[in-house]
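One chain comes next, on its own, written out as structure tokens in the form predicted alone.
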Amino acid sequence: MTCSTDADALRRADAVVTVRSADGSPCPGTDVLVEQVRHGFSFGNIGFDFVGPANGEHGEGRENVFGGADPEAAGALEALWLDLFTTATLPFYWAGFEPVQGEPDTRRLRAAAAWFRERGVTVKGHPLVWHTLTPDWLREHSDEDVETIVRARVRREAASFAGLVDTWDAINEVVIMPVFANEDRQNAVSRLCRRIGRIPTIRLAFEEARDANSAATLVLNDFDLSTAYECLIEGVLEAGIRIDAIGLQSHMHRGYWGEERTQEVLERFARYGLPLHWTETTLVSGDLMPAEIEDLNDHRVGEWPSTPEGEERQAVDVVRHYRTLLAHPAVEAVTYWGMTDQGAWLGAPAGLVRSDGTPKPAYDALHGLVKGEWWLPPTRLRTDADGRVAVRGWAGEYTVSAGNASGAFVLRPDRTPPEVTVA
């Protein structure tokens, strides 16, 4: 699979609209209004900031175990978020979701998922199985019980949220999973993975989730983009485990990778013939993390401010990165990991919005792509002698109207151009 050099050429499509009168005859010389209402491509961001507001919480002291802005600050982010993104990733980190065994935070997360769905946003859950942020109480169980409990956890969430959350990172960061220890203690999920192996652990996550929600899109997600991840994917596919998409993380706290490296990663993982989801993308707007830092979690500073110079760099790099990703036919989704600097991962100035709620240049630059260059605004056209008008636009959902008549259609580059009749 080769990389396109032009996202616009790759992702735009055509349609033909015909306007007819009540008796079925074509209407020549008729004004038609065409408007895009949604992108077909998945432009995502985390929705952690809105869990509190979706539950009517207003800073009454509840700990934000998932990260993100406090409820008051989140209120100012809503319009900015909804004007740019179409997919929200919600946090299902087990330690925060079920800190006490048998008391999952299902109600609050369902309310958050419904809040997004009511606003036309697709919702993704992250993650069903992960060794980090595993609850301490799980460690006290026997090996056999741990496997039973993990299976039940996957089934419970996949089933409980079906219809609200139909895309999941089924399992996260398996390359490192068997050897991971947190604070010199072996967590229970790593213990399970060491005992049964990486591929059986992946099978467990995917098959339990799929049994619970057969309509779900299930993603294998990792930050390790080395050949070790390639070998793992190959083993999974050879074992007959169905995965729906390959998740690739790109936390670039040490600076933008550049087009050449990004395209090299794209080519290596596109060869499996599966959609690629860039699940976690960040670019900082302050000082870059030192290059010698291997594990991003090891970089701890008392203060990590956004700077004017860093913000300009972030804006340029966001545009470069998104152009590169969307120019490749295998890429189906990109999720930026953080709307605001408030509560951002590692305390980094990686958000698209400052802690005070004002947009950074990176927000404006990305908005200029997603809702500018890659968007068809309300456009007036006029039918030809046969009552027809050709429409070309970015893949997605559209409305069309002529006088009192209206209709809708979907543009997809991989489908035959739709014939739409408005009568």
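None of the values given here were measured: they were computed from a predicted structure. We number the residues from 1 along the sequence you see.
Separately, the form predicted together with another copy of the chain exists; it is not shown, and the next lines address it.
For another copy of the chain in the predicted complex, the listed stretch (318-326, 104-112, 273-281, 190-198) containing residues with heavy atoms inside 4.5 Å is 190-198. Under a 4.5 angstroms non-hydrogen atom cutoff, another copy of the chain in the predicted complex has A228 among its neighbouring residues. Another copy of the chain in the predicted complex comes within 4.5 Å of a heavy atom belonging to E267. Looking at G235, you'd find a heavy atom of it within 4.5 angstroms of another copy of the chain in the predicted complex. For the chain shown alone, V179 is a contact residue for another copy of the chain in the predicted complex, at least one non-hydrogen atom being within 4.5 angstroms. Contact with another copy of the chain in the predicted complex, defined as a heavy atom within 4.5 Å, holds for exactly one of R203, H251, R139, R151, namely R203.
Distance criterion of 4.5 Å from any heavy atom to another copy of the chain in the predicted complex singles out V175 from the list A95, L296, L80, V175. Residues in 364-389 all lack a heavy atom within 4.5 Å of another copy of the chain in the predicted complex.
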